[in-house]
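Take a look at this one chain, the form predicted alone, written out in structure tokens.
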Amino acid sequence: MTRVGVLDSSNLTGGQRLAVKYFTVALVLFGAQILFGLLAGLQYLKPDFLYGVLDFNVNRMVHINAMVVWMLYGFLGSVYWLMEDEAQHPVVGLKLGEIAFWVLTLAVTVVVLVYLFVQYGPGDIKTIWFINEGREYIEAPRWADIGIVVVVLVFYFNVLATFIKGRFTGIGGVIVLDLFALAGLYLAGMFFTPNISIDQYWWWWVIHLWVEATWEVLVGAIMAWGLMKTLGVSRRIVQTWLYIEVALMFGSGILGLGHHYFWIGTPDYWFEIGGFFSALEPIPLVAMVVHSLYDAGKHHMKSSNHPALAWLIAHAFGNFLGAGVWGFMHTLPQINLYTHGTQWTPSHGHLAFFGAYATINIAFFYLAAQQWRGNVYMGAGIAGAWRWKWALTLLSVGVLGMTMALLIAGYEQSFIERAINGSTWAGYFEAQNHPWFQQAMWWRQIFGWVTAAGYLLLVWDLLAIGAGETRTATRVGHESEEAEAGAEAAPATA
């Protein structure tokens, strides 16, 4: 029996219960990302802080790796959440999926503990396998790399088998194809070559194509399903834009990878190719949301989950600004010559990862909270609505504030360190000691605390929203949605 307004696992399907586990770990790692980011930021301002106890390079490494892993947890959870509804079939191999979740979580815990307790020492083949591979952003030891691929393959089996046995929709097809690339592209970061240019070439396949390309397509599929559930948008609309997203990813996303190849010894033709094709990827997701909002206006924008809808909208425009505008701002080689390696890059990175990925995961956290409380009403007039609104505001303002502070610091570095002093050591130290740079780092830290406040409010709201509410969420949208999906999934007849 459904219990409205009360957290009860009986309100969830098997796949949704597994998704909630992924979401829980994701939320914890989100907090770890913010904590270690604050510590690293403070060490920028006070270099002696925790020196010899928890060094800057370790804080930075855990900060970035926690970000990557919590977003991956969020994506896996989101697919488990939508899979049974989309396929109209229980998750195939759910027990195997449960085992994979616990294996991945144990592996992540061990890796983080090793990072914290083994902070320095000689590098050899043993440390590559058991301590740290030493490759920026993908420092996980080799055994953990293999474990990640195995877990993704188990996940891929769950998804593929479920859609084969159930209803195979357009969204399901895109997810299945994308997950194959998600598992395959990670392999590009699991070997070394003695030539640094070749090694960096393959390293970027993981950093760009794994994180930015396969994730971007997966996010498009998750967004399409989320818009149908929060706004009742026509399946035809979201799937059309999803197909355009996939086409642009193949047509421009892979070539856009070339904007990372400017300074690692690759041929000169990557200047033109990488500079031109790297800013087109976020456009279809913005168009999907704009078209969906226009379509939803036909039924007066009715939605029974306002926080999830707000975070979906934040995702569309955060993705466009962070990945699109801020990325293209320093992507052209004529500009990148001066901005590469400055705080301009983390300015883009903070806004891009928050706008493109964190927001969509948080939207699904709210979808999960709604169903977990018995499909409780979470629309206009719900008690405690100020919490999710202020959490959205503080997190967005905090990340935007850090973005602007880092942009100012990056601009100062580009001007003094690169343009005036020609990338000399003297220019580097002059830029680091300039008042603009130091003030920007303080502002980055202040807005980091704003972000942390938003995170704490978000956790509180996710635990409290809908508690005691007696109204049930009403279904919104097109009455023909099921018919659309059924016609799409039906075999062709002569």
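This is a predicted model, so every value here is computed, not measured. Note that residue numbering begins at 1 and tracks the sequence as displayed.
The same protein also has a form predicted together with a small molecule, omitted here; what follows describes it.
Enquirer: Just one stretch in 379-387, 189-197, 107-115, 331-339 has heavy atoms within 4.5 Å of the small molecule in the predicted bound form, so which one is it?
Expert: Looking at the partner contacts, the answer comes out as 331-339.
Enquirer: Using a 4.5 Å heavy atom cut-off, are Leu72, Thr169 and Gly173 all in contact with the small molecule in the predicted bound form?
Expert: Contact check failed for every one of Leu72, Thr169 and Gly173.
Enquirer: Can you tell me if Tyr357 lies within 4.5 angstroms of the small molecule in the predicted bound form, counting non-hydrogen atoms only?
Expert: Tyr357: yes, in contact with the small molecule in the predicted bound form.
Enquirer: If you check in the predicted bound form, is Phe163 within 4.5 Å of the small molecule, heavy atoms only?
Expert: Flag for Phe163 set to no.
Enquirer: May I ask you to check whether Gln445 falls inside a 4.5 Å heavy atom distance of the small molecule in the predicted bound form?
Expert: Within the cut-off, so yes.
Enquirer: Indicate whether the small molecule has at least one heavy atom within 4.5 Å of a heavy atom of Asn319 in the predicted bound form.
Expert: Answer yes; at least one heavy atom of Asn319 falls within 4.5 Å of the small molecule in the predicted bound form.
Enquirer: Of the residues His348, Arg373, His306, Arg235, which one places a heavy atom within 4.5 Å of the small molecule in the predicted bound form?
Expert: The residue from His348, Arg373, His306, Arg235 that makes the contact is His348.
Enquirer: Which residue, Val246, Val152, Ile408, Val399, is the contact with the small molecule in the predicted bound form, using a 4.5 Å heavy atom cutoff?
Expert: Of the candidates Val246, Val152, Ile408, Val399, Val399 is the one lying within 4.5 Å of the small molecule in the predicted bound form.
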